[in-house]
Ligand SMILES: C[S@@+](CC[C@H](N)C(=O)[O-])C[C@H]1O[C@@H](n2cnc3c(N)ncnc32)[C@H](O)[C@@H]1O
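Take a look at this one chain, the form predicted on its own, written out in structure tokens.
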Amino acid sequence: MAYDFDKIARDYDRMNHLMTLDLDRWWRRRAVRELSTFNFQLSTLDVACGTGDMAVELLKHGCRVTGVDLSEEMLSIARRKNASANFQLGNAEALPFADGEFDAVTCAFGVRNFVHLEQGLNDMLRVLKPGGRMVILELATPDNIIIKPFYNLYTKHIIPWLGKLVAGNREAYTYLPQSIERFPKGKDFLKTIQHSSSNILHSAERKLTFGVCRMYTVVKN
């Protein structure tokens, strides 16, 4: 079951920037660059939009942004940041949009929390236009045998401590590394994407920051 993100909405941005050493901002900018083969006047759906940081990057490039999330507390922060975006409550597994409604679909650090992963991916692809592009960012355990022990120490011990110190919530930031460890990555996640829909022309993975973050790009047939 996904964590109740209403509980951590107030400190969500501060913790994201702190525990990633501000790399989360760069990862989002890199994801938006994946849409650069398009004219940037795109109608874009940001799924599991949270507090709207991906929307900030998309709006900088002239995209028309709709964001959906299950947390009203997260959405209230997103609306204060981005008055020109359309934010609404929505479930990624049953998106309230027509088939092929959007030129692009993004999801930053949200698919890991889907209850039914393939169903969510299928619905994200359903609302994407043929030829459109879906870009997903997700955290992952690095493969490098030198980096991995330091990563495990940081995520399993230091991040929960920071969560308690900064946000007063150790539980949420203990859930975080556990959810990352359980989630399929790399080729396994690409297989999940391929299984989710028959309308996929191409899918690819790119490792960012030693594989701590993975970017998945999908082009709809």
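Sequential numbering from 1, following the sequence displayed. These numbers come from a predicted model, not from an experiment.
Here the subject shifts to the form predicted together with this ligand, a form of this protein not shown in this document.
- None of the heavy atoms of residue 122 is located within 4.5 Å of this ligand in the predicted bound form.
- Put simply, residue 108 is close to this ligand in the predicted bound form: some heavy atom of it is within 4.5 Å.
- The closest non-hydrogen atom of residue 74 lies within 4.5 Å of this ligand in the predicted bound form.
- Within 4.5 Å of some heavy atom of this ligand in the predicted bound form lies at least one heavy atom of residue 91.
- Only one of 190, 70, 59, 180 comes within 4.5 Å of this ligand in the predicted bound form through a heavy atom, and that residue is 70.
- Although the partner is absent from the chain shown here, none of 20, 173 and 185 has a heavy atom within 4.5 Å of this ligand in the predicted bound form.
- Stretch-level contact analysis of 126-134, 140-148, 113-121, 97-105 against this ligand in the predicted bound form, using heavy atoms and a 4.5 Å limit, identifies 113-121.
- Of the residues in 21-36, only 28 comes within 4.5 Å of this ligand in the predicted bound form through at least one heavy atom.
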